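First, one chain by itself in structure tokens, the form predicted alone.
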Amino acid sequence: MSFEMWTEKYRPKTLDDMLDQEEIVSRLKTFVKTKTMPHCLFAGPPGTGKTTAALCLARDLYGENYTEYFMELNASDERGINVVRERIKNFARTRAIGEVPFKIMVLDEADNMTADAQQALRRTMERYTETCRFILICNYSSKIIEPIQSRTALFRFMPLQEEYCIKWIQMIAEKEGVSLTEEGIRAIIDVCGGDLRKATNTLQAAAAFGGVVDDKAVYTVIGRAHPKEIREMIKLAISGNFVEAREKLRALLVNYGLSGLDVVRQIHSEILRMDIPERVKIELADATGEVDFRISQGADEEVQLSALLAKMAVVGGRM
């Protein structure tokens, strides 16, 4: 199997190849058709196609030589105020040659830029609008200062729908000759949460074992306990078998090497899915949140998780 990253190998090349984000793609195609665009702010969860959309827009605007008119700075690059004053300004100030009279500067993970850098960027965006359009990409638009938000057109990317994620995973598995089971697909969908990049990377990591990609392989490579085991532990606790539930917990911590926070979050997810009275779900969700906070503040993980199982046993005894 090739060691090439599948996320890059199968990344869409044009806007027509983009998945799910129809409204956003339609707006971007209008920019391509008119050969003009405003400054843009792409906001949304990871793995939903923000950077890909910027690259596809550049390819559709400029053709194969898009790299001459396109520049991307990622979070791995330094982006303090000096970078804005020098590197970004030098790129933005020169005019593009061709049908499209401007260049495109992409600032990925712009919500990590310092406040001073954002202030400097605001003035640069305003001054060089004629020669350069900026696309700011972030997970949280609230971390972008208001003056920049007011200068950009906002595009909100949503997590991809399940059906598109399934089609994408199946397409890659077929092209790479990977044996993929229905349980494996369901496990990938469950852990990726609409993040297509995470889904692709999980599939590749599970396929690296060389066998069939099933739910066991998926949960092994991502370092999470199988939901079935978490459910069994919760049912043991609710039924009053506290000692057995605690032994199950210790086995999970040892076998999977999970942190206490990982276990708490999986417990929280499974509680909401279980067929138990609404009142019980509310009480257990409240207890889970309390334990999550205590662990995050430095409390002993095993003691807190044991207390959570004890709470489940008490609540179960009143059912």
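Definition used throughout: the rigid core is the maximal C-alpha set that superposes within 1.5 Å between two forms. Numbers for residues come from their place in the sequence shown, where the first is 1. What you see is a predicted model, and the numbers here were worked out from it, not measured in a lab.
This next part talks about the form predicted in complex with another copy of the chain, which is not shown.
Region of this chain that lies against another copy of the chain in the model of the complex, out of 163-171, 95-103, 134-142, 180-188 [heavy atom, 4.5 Å] | Among the candidates, contact is made by 134-142.
Establish, in the model of the complex, whether Glu22, Lys29 and Met71 all lie within 4.5 Å of another copy of the chain, using non-hydrogen atoms for the distance.
-> Verified in the model of the complex; spot residues all out of contact, no.
Does at least one non-hydrogen atom of Thr124 fall within 4.5 angstroms of another copy of the chain in the model of the complex?
-> Output for Thr124 is no: heavy atoms all beyond 4.5 Å of another copy of the chain.
Looking in the model of the complex, any heavy atom of Tyr62 within 4.5 Å of another copy of the chain?
-> Tyr62: no, not in contact with another copy of the chain in the model of the complex.
Hey, in the model of the complex, is Arg156 touching another copy of the chain, heavy atoms inside 4.5 Å?
-> Result yes; Arg156 sits at the interface with another copy of the chain in the model of the complex.
Would Asp16 sit within 4.5 Å of another copy of the chain in the model of the complex, counting heavy atoms only?
-> Asp16: no, not in contact with another copy of the chain in the model of the complex.
Going through 289-307 from first to last, which residues have a non-hydrogen atom within 4.5 Å of another copy of the chain in the model of the complex?
-> Going through 289-307 in order - heavy atoms within 4.5 Å of another copy of the chain in the model of the complex - the hits are Gly289, Glu290, Asp292, Phe293, Arg294, Ser296, Gln297, Gly298, Ala299, Asp300, Glu301, Glu302, Val303, Gln304, Ser306, Ala307.
Core-superposed comparison between the shown form and the other one, Glu247 Cα displacement 2 Å or beyond = The answer is no; the displacement is under 2 Å.
State yes or no: after fitting on the rigid core, is the Cα displacement of Glu130 between the shown form and the other one at least 2 Å?
-> Yes, because once the rigid core is superposed, the C-alpha of Glu130 moves 2 Å or more between the shown form and the other one.
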